[in-house]
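Starting off, we have a lone chain in the form predicted alone, written out as structure tokens.
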Amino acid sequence: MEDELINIKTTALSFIWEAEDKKSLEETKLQFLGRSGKLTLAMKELPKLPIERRTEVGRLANEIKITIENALEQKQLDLTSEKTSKIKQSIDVTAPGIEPKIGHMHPISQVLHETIEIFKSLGFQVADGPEIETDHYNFEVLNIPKDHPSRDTQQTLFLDTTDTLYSPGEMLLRTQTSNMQGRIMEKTKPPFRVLVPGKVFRYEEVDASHGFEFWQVEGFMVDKNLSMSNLFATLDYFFKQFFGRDTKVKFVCHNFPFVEPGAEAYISCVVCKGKARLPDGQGCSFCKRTGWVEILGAGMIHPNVLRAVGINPDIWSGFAFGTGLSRMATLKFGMDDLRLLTNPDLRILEQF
């Protein structure tokens, strides 16, 4: 029995010293110390020995087991050290490293932060709201009843309300950030100035100038004795801060259900600088040779909207305006395709 144990020890140590990697070392361990290993099976034979020999042979078996375990542990350390040494030898620590790519702020985020900063300087507070909205706040509070023709232009995405407390057509993805007018004015006593940026959704076919998901920013102010002059002055200041002091601004009458009177704002074309012609003499297609680009809709908040949220229009008045941040970004950076804003190619973002 002793000769068998010594032979197992000699063979095991030989295999351990010759092991070239951790896999072969693990195989050696299983071969001698595993459940069916040679040393394990030999030690199971100890109870069959005469009583007077068991103690001596058992002590020898345990010493051999400890010797093999120590040899395995040392070889494991040697293999790890050898691998680390090879890695160090293969790395030139004096060579310049690879510069990691640093994240870049998205054009929409840049426009959003700049817009917020400008309006904060005018005393506006920023608010956020739900993208899943009710028909009540998205339309009815804004003086757009269910039979109003302007609903057809919104191209609304309605949610399935089966097995819910809501009626069909009651829940939707908001089509405009104007939905926050009712929510805020119901809970806030005037005077106040609010800016609401966020995503909106419409059933649009995606092309160079349209998307089904895009960013808007809504602004509104309620106070005593406000007029269109206050609205025009606010927007004129914003445009010149955002696009540059040389930017020209004009307003044209327009109809929106939630304002009266209403207007559309135009700025001088950012491509041809309002000249309607390019330096090569060709007509500017960006502004369709007009020299002007539509930028937002605005107007005095309709008295019906104020009444719907419990504000007396005989005492208080307000103005509101809304524009697309996506459009602001394309104008700011001279893009010709809205789809660039949702393209995940980092080479596009690195240009801004």
Ligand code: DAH
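The numbering used is simple: start at 1 and walk along the sequence shown. Note that the structure is a prediction, hence the values are computed from the model and not measured.
One more form of this protein exists, namely the form predicted in complex with ligand DAH; it is left out here, but the text below deals with it.
- When ligand DAH is considered in the predicted complex, only one residue from Gly297, Gly58, Gly34, Pro303 comes within 4.5 Å through any heavy atom, namely Gly297.
- This chain is displayed alone, yet in the predicted complex one of Asn143, Ser268, Gln176, Thr234 has a heavy atom within 4.5 Å of ligand DAH; that residue is Gln176.
- The stretch that touches ligand DAH in the predicted complex, counting heavy atoms within 4.5 Å, is 321 to 329, out of 35 to 43, 50 to 58, 280 to 288, 321 to 329.
- Taking the partner from elsewhere, every residue among Arg202, Glu218 and Phe256 has a non-hydrogen atom within 4.5 angstroms of ligand DAH in the predicted complex.
- The closest heavy atom approach of Thr156 to ligand DAH in the predicted complex falls outside 4.5 Å.
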